[in-house]
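This document opens with one chain alone, in structure tokens, the form predicted on its own.
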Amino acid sequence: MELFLQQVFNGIMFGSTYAIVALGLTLVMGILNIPNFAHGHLYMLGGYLLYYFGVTMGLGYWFGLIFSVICLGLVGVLMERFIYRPLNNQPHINAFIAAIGALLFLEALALVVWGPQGLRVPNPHPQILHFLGITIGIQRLLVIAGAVALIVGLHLFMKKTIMGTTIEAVAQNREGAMLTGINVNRVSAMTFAISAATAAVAASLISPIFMLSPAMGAILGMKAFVIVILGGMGSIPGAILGGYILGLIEALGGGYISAAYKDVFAFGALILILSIKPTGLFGKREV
């Protein structure tokens, strides 16, 4: 029983990270209809920015997290302005190629600046709790609590603020929003900033637990796309639920069978669920 509870806790922790990353990705995909393949690499850059501000500059973990979120939000704005906005009304293949170019650039940048070796952010909360026979790290609890706070905060932002309502209006009808006087370009930049900032939050929360490496964004970016498809394209509840489902499948499969095959379980679940419900858990069939 302890093994089961331990793997459930680990799965919720991994799922919290996946849910945050997928949430940022689905915002861009669902609202702006842009497949930002570089989203996983923005997550990687968020971890390195935390390392730079928190460790290299000596500002500490929490100030490093704040500066990482601010800087990556600005990177998101620049990415939208100089990479994706010029491709508006162009064939989708152009955005695909631009996204791949962006992810290659970010990975090369990390290699040049920080090198290929793994880096570790010191754990600011190394304390361990024991509850019901399972081991709970404080930092892992912070990952879960941070994800819940971010999801609730983002929901309130989208539903209770003028900017959130504007973003939803653009998502529902871009041309109609333009006709009502909404500055669509500003909404696009804001959406990219929020998306990149969420990636920085996820990376900053998980970085004290795992090593940083330039390649860490590739597999996570792929999993984020799996989660977005699993939950239903553009569905925020689907991205959240899909992230937790994927985390639990990986943790339980890794704990009971082999951690070496945890990615096999994740992608196997995608194939199984899509064979039953091709539109994803919350996706709607187009008519």
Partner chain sequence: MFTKPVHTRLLYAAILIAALTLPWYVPDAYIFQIVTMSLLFAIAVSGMNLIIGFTGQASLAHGAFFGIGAYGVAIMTKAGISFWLALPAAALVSAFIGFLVGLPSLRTRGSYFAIVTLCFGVILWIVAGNWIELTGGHNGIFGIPRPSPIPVPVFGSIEFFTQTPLYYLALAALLLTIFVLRRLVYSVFGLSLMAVRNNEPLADAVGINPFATKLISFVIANFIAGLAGGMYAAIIGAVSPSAAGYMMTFNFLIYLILGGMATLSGPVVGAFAIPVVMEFMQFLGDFRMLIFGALLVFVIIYFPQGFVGGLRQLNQKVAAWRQQ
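Residue numbers count along the first chain shown, from 1. Since we're looking at a predicted model, the values are computed, not measured.
Missing here is the form predicted in complex with its partner chain; even so, the following discussion is about that form.
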Original post:
Does its partner chain get within 4.5 angstroms of any non-hydrogen atom of F225 in the predicted bound form?
Top reply: yes
Subject >> Interface membership of A102, its partner chain in the predicted bound form, 4.5 Å heavy atom rule >> reply: yes
Original post:
Is V184 close to its partner chain in the predicted bound form, meaning a heavy atom pair under 4.5 Å apart or at it?
Top reply: no
**OP:** Could you confirm whether R120 comes within 4.5 Å of its partner chain in the predicted bound form, counting heavy atoms only?
**Re:** no
**OP:** Please state whether all three residues I70, T180 and L205 have a non-hydrogen atom within 4.5 angstroms of its partner chain in the predicted bound form.
**Re:** no
Subject >> Options 214-222, 60-68, 247-255, 44-52; stretch whose heavy atom lies within 4.5 Å of its partner chain in the predicted bound form >> reply: 214-222
**OP:** Tell me, out of L74, L109, L156, V148, which residue has a non-hydrogen atom within 4.5 angstroms of its partner chain in the predicted bound form.
**Re:** L109
Original post:
Out of A193, I136, I83, I144, which one falls within 4.5 Å of its partner chain in the predicted bound form, going by heavy atoms?
Top reply: I83
Original post:
Taking its partner chain in the predicted bound form, which residues along 77-93 bring a heavy atom to within 4.5 Å of it?
Top reply: F82, I83, P86, L87, Q90, H92, I93
